[in-house]
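Next up: just one chain, as structure tokens, the form predicted alone.
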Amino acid sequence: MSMNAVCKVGLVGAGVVGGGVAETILARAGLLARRSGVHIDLVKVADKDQPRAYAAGVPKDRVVDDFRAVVDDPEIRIVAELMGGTGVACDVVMSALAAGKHVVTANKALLAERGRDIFAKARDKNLVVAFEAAVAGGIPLLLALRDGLVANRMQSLLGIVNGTCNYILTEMTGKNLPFEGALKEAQRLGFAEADPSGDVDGKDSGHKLALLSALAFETWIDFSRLHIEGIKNIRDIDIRIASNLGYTPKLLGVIRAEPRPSSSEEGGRGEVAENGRLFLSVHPALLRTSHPLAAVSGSMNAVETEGDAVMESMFYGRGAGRYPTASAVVSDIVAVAKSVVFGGPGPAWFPPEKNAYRIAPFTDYQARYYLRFVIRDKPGVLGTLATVLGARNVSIAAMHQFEADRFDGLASVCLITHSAREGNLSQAINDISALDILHEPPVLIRIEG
């Protein structure tokens, strides 16, 4: 393997991640060449804020302010899009593919919302779109799903894939902070943006879940159909109650394939029916404190997968940040560069031409539930709650009542249900809300794991 092989790379966007990528390539060129056999030559970096590129160590004669100078350079074989967003970033990616260049990106929103068009273009041009950094930052999760677990039919995936939300919930749990106080602390430390809505509303996790569905379950989902709930309505009182009951709150991305009886295939394991149903959701959930994901604290990410052959696997690490994300981007660049120089497909992946699963309606989702009602403390109310839930086939597993406040005559009742259908539970909540027994809207948190 020649150590003189060169692959020329262009980068668009020199912000937090892009600057980290430029810095890493320039500072570790020798290490990358020794390990891969390819010299990664970063020949152009495009950013309208050129001093950001200078700060990353990029020589001034390699910095431009227009992405077209990167895309149109005939010597550049790989374009790394690291500007973010779904507008100009899409133009960058589609223009690069049209020009015959491979693409590396960390842009989960772009791929989740516009990925079908992007990957169709790449397929037509026989090019690679590599996106390891788009999900779980520096954790090599997509590499494991694409290659290491290729022999498995994936059965479920449970993941903490947003560090901002995990940090906020960790602070709320450990320090008894309200949501607003934990968010301010996250912003002060740089774990949350000035506008944190994309994180705390669950959209960021949803983008990642859509990509994981396509990669691990061969099912491309229309992002607008994904059930997404954020963490803004999580109350500190519910975290305290849940903690006393042995649960820890997390924002989870959940994918479950509906199983069928064991097949006759080798091993007799329960196979998942092709064109069976797939449940996908992003929502706050309670996990038993003994569950491995419950111990994932601060801004860390972790994903638990279950395959029919390997069974459970856990992936843990930093899901965001300048250098963890740059690590994943550079890994993709090196993998694509090796395929360019020495041949082979590189980290090639394309969405399935036909989905392996049908998307199940979220009303059919099954879970246990934590329910909290603030009720008017008078005879018969608890019986009414149990009757209404039972009429909708929701069975109570445990009940905890907190002493009434003698000044306002209210009491809090916490119920833990057995596994129930989402649609039935929602109907029961609507029925209860229509009665004159509640002082405030009920609280519902799913219990997973």
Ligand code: HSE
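Don't overthink the numbering: it's just position in the shown sequence, from 1. Computed from a predicted structure; not experimentally measured.
This next part talks about the form predicted together with the ligand, which is not shown.
Trainee: To test your reading of this chain, name the stretch in 198-206, 284-292, 240-248, 72-80 whose heavy atoms come within 4.5 Å of the ligand in the predicted complex.
Mentor: Of the options, only 198-206 has residues within 4.5 Å of the partner.
Trainee: So in the predicted complex, does any heavy atom of residue 159 sit within 4.5 Å of the ligand?
Mentor: Output for residue 159 is no: heavy atoms all beyond 4.5 Å of the ligand.
Trainee: Heavy atoms within 4.5 Å of the ligand in the predicted complex: does residue 367 have any?
Mentor: So residue 367 does not count as contacting the ligand.
Trainee: Though only this chain appears here, would residue 215 touch the ligand in the predicted complex if you measure heavy atom gaps against 4.5 Å?
Mentor: No, no contact at 4.5 Å.
Trainee: Can residue 108 be called a contact residue for the ligand in the predicted complex at 4.5 Å between heavy atoms?
Mentor: Yes.
Trainee: Looking at 348, 89, 211, 320, which is the one with a non-hydrogen atom within 4.5 Å of the ligand in the predicted complex?
Mentor: Partner contact (heavy atom, 4.5 Å) among the options: 320.
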